[in-house]
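Read the single chain below, which is given as structure tokens and is the form predicted on its own.
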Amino acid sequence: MVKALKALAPDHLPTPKQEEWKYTNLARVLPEALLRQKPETVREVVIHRSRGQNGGQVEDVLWTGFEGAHQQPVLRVTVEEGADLTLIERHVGQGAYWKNMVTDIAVGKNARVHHIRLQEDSPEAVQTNLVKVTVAQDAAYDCFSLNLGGKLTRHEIHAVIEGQGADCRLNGLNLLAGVQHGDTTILIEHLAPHCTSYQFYRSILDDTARGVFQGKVHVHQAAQKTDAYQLSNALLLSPMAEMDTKPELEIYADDVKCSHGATTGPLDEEPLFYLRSRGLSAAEARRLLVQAFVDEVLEKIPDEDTREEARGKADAWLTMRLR
């Protein structure tokens, strides 16, 4: 999968015929002018935490898209043994552009990384983001992604758990409306024993928006005592919205605890009726249930200030959609 996506060269764009891209047609969405255009900007940001380096300021990185641009941002993060890092990654922009990004994160032995990603690209933009994460012994990588913007976005994560006792947690909230297409594709490889991984994503879709969640856990034979959990919940506010979910487990070890689940549908009428019977209006009951759906995943953001910022962005989206 990673080999197929390495360059994303216009002449070799992946198509839905490829299994890992079956729900996303990149070539159909990209403007013709950008398909043949070489990257105008290749901006690389390197973040390095030395061995044992704890605390320090939060790294806050802003990626901005510009009208008509084919951008190739690169983010390289190295956190050495015993160090910790809180990284906030922001995406904004104006007009139609293609932000084709590569992220490489290495989490050293006994290190900790909190990665918060706030994606608010332009409604005409395309963003493809290929993320490679390696997690060493007794290390922890915790990522939260809020996806609000973009005409087509694909956030692909390939996480490799290399050392015993490591932990990898991937959480996200997708809020999609209009003709947006939001794709989250994840592969977590367990190579070592006594490790844990956790995937928890929620999506709300309105109008004719389309969401995709493809989550796979690959447990290699040596990865005994693996504990892996995966859950995708989607809430459809419109009968025209669509959610495609494909959870997968590929297990070659015989002493593991692995589970996955997925739900898709409109709001449940029973709690709506209950809340209305207690005096709430239909709009108030609906908003309360949707807010609870959102808050459960937002609580996974470890940094309090960023959590409140993300909650504010989600509240603004909900206020617009639930008038």
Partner chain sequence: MIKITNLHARVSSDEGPREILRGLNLEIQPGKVHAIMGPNGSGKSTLSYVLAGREGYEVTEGSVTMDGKDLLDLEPEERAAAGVFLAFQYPVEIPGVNMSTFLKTSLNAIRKQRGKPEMDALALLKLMKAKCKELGISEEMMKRAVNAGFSGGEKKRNEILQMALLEPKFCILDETDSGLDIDALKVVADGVNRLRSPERSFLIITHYQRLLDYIKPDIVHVLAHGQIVRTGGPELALELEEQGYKDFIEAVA
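Quick caveat, the model's predicted, so the values are computed rather than measured. Numbering follows the first chain given and starts at 1.
What comes next is about the form predicted together with the partner chain, which does not appear here.
- Across the options 251 to 259, 287 to 295, 24 to 32, 56 to 64, residues that bring heavy atoms within 4.5 Å of the partner chain in the predicted bound form belong to 287 to 295.
- Though the partner chain is absent from this view, in the predicted bound form it lies within 4.5 Å of a heavy atom of just one residue from G68, P266, G52, P271, which is P271.
- At least one heavy atom of L280 is located within 4.5 Å of the partner chain in the predicted bound form.
- R43 falls outside the set of residues with a heavy atom inside 4.5 Å of the partner chain in the predicted bound form.
- Not displayed here, the partner chain is kept clear of H48 by more than 4.5 Å at the level of heavy atoms in the predicted bound form.
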